[in-house]
Ligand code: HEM
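Only one chain comes next, encoded as structure tokens, the form predicted alone.
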Amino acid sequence: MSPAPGGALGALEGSSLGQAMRQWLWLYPSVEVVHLVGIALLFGSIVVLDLRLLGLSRHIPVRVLARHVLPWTAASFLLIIPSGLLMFLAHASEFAESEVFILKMLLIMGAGLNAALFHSITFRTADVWDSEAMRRLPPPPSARLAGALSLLIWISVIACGRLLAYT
């Protein structure tokens, strides 16, 4: 096995954890499974809320649904972040040079921005547009846009993650 490159990325790859991730037969695949379970939990919880924001299942109040699924969304990050960091340690210099990885990270930041804007602006008015009388109408355009963008961004993040194996 060739030595890790120099600099900070090389130091990450050369760390005990970075080396273990590359050398222990079952460690990287096991961490990858944890990452995939976290992604499934994240996407599953997000897609339910996003589809509601697009106007499906209008009989379920958005705030009630959000209270149910958002804790699962948050919990998924307890799986995704540590496992993602461990996988990054194994191949830090390759990932840092990969356009697909960089795009994936930018998309994740975009998803975070979309969620922050939705929760700080549109969701604050959910009591009005999601009242029982208003639920017969589609959610406001800002909610539908946030839901559509979220779906598109997270599908793109998943695609980028999968493409990393081929670049």
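A residue's number is simply how far along the shown sequence it sits, counting from 1. Everything quoted here is computed from the prediction, not taken from an experiment.
Here the subject shifts to the form predicted together with the named molecule, a form of this protein not shown in this document.
K.L.:
Thinking of the named molecule in the predicted bound form, which stretch from 125-133, 66-74, 45-53, 96-104 has heavy atoms inside 4.5 Å of it?
P.N.:
Single hit among the candidates: 96-104.
K.L.:
Using heavy atoms and a 4.5 Å limit, would one call Ile158 a contact residue for the named molecule in the predicted bound form?
P.N.:
Although the named molecule is absent here, Ile158 would touch it in the predicted bound form, with heavy atoms inside 4.5 Å.
K.L.:
So, in the predicted bound form, is Ile121 in contact with the named molecule at a 4.5 angstroms heavy atom limit?
P.N.:
Result no; Ile121 lies far from the named molecule in the predicted bound form.
K.L.:
Would you check, heavy atoms only and a 4.5 Å threshold, whether Val62 touches the named molecule in the predicted bound form?
P.N.:
Result no; Val62 lies far from the named molecule in the predicted bound form.
K.L.:
When the contact criterion is heavy atoms within 4.5 Å, does Leu85 count as touching the named molecule in the predicted bound form?
P.N.:
Yes - in the predicted bound form, heavy atoms of Leu85 and the named molecule come within 4.5 Å of each other.
K.L.:
Using the arrangement in the predicted bound form, list in sequence order the residues of 146-167 with any heavy atom within 4.5 angstroms of the named molecule.
P.N.:
The stretch touches the partner through Trp154, Val157, Ile158, Gly161, Arg162, Leu164, Ala165.
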